[in-house]
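In the form predicted on its own, a lone chain appears below as structure tokens.
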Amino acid sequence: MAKPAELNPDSPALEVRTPPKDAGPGKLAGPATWVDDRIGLAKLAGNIRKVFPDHWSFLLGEIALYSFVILLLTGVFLTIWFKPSMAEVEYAGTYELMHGIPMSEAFASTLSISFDIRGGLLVRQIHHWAAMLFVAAMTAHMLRVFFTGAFRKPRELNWIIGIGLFSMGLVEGFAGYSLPDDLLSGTGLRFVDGLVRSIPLIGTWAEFFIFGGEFPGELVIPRLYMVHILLIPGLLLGLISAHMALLVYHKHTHWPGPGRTNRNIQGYPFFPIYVAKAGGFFFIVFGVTILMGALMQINPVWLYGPYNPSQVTAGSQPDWYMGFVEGAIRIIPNWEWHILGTTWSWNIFLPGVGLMGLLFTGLALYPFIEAWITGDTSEHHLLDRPRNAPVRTAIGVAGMTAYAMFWLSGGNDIIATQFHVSLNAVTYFMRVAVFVAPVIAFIVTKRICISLQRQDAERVLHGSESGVIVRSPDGGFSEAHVPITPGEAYSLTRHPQPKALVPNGKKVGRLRRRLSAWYADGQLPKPTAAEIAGAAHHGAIEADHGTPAVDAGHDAPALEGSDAGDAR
């Protein structure tokens, strides 16, 4: 058997060549492939070019997100020094006015953070202002979503998640507000204790479960601490992640305009443009919050003193987002039942627990109620201008007005003392205002929306006012109108208009028909293609005869078939 030939490295038959540097995968190819095989990095990276529309109203949700990030960062700092204990100690810190006063370790550590920890007071105030901004930004964001109809199919689930975020934000704010164990927050905690006890049948049991016995107990601060730093933040992180995931899945909504439909998005790619803008906006929000914390005092607990169940802070007010519940309880009549030795405090349960339940349940169900009334089952990725949905806009303003009346009622004592009027007179007035003011707001808002629709129709048919007044040969005065752009005309006539439901072979109940007719009532019909063409012809005739008032019609854009012809 022949022996195989040995390979000689120096033999010309075996040539070893070094590949050029640009040939083959780079140094990062191996780790990138390893990661991609396990988490699908390539698919995730495909979303970096996702398009986001550019409009200032979309920044409201970003402010809420960035405020939450600021809360997490400052909360970590405060957690290091805060002691969530109700054990009684004798204060011996820097703030001399309270030397020797017995207080809980929670309040003593709050004073220590404020006066002994370098930068502690600044971080405390940044944290509190960020909490205020978080709730305010969520409120403004939800109002934007409501008034523009961004909650419609397919975003009903994301709207419900937003309601959950809002409710969790209120609970988180209250828990953090109560942790210092000062006299003001203790008064608020006693208020909540009353709400819990007012729950029929299980109220006393629930109070003992939460407080570990009768109020105030010795466990509520540690329990609120765990809720504030662990339970609610975890729920918020989960809901925010789901909210953002659905946002990416459904794609972003955008305002109507030329080339914008329910099937596309116009805007800037996520990377690099949107990332740079979002990152810069985060530092703007952070900077403004730092300025607020440095220049605007909030929650000076050393002025209130430690909590004492036998004392109540005069003129005490809750944080603004809970003021409506306080106001509702202040103005409701004294409705109580006494059955078999048990007191049913409807004067606390209905305006407290009942009002919050009605608020969040109504908000969560509204997308489905509106879809049921209008019979609209189509997808919506184009936003509505609030004027083009007058009933929805009027409902929203009426709700805001009711909230404002309850919120003002929460300060009825402050109003009475500052304006030197009777406290009872303020209370009686607010009892009527919470029902009358929303109705007035609904009527006025609906009329304003219809008037704005009429203004848009006039603008499409006759153009915009030029501000130039011309005198005709016969002595009359008129103002020349200039034509609007085709893009503006498209935007002003792109919105759908709901119609009253009719049986049409389907079972439509009487209540639904009436609600549908009520919802569609007052809608001003959009200019049709024939009306726009007639306005153009009229404007051309006037221009030929030298009439100074130049109608926009001779340059009026011919709207695309379905968007002009289906104006009704």
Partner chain sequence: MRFLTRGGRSPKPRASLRRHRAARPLLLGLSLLFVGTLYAALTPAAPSSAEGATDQQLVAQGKNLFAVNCASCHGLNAEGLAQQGAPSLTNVGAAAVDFQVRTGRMPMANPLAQAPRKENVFTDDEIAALAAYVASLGDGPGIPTEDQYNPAGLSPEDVARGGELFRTNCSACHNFKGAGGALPNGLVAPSLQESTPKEVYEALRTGPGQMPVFAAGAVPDDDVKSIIGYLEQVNATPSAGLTLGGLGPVSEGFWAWVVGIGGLVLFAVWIASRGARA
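Positions refer to the first chain, counted from 1. Note that this is a predicted model, so its numbers are computed, not measured.
Keep in mind that the form predicted in complex with its partner chain is not shown, yet the notes after this line are about it.
A heavy atom within 4.5 Å of its partner chain in the predicted bound form is found for exactly one of 277, 471, 454, 447: 277. Between its partner chain and the residues 300, 357, 234, 476, the one pair within 4.5 Å by heavy atoms in the predicted bound form involves 300. The closest non-hydrogen atom of residue 480 lies beyond 4.5 Å of its partner chain in the predicted bound form. Residue contact check for residue 164: none of its heavy atoms lie within 4.5 Å of its partner chain in the predicted bound form. Although the partner is absent here, residue 147 is not a contact residue: none of its heavy atoms lies within 4.5 angstroms of its partner chain in the predicted bound form.
Using a 4.5 angstroms limit between non-hydrogen atoms, residue 60 touches its partner chain in the predicted bound form.
The chain is drawn here without its partner chain; in the predicted bound form, the stretch among 237-245, 281-289, 391-399, 436-444 whose residues come within 4.5 Å of it by any heavy atom is 281-289.
Using a 4.5 Å cut-off to its partner chain in the predicted bound form, not one of 158, 372 and 404 places a heavy atom inside that distance. Along 393-427, these residues reach a heavy atom to within 4.5 Å of its partner chain in the predicted bound form: 407, 411, 413, 414, 416, 417, 418, 422, 423, 424.
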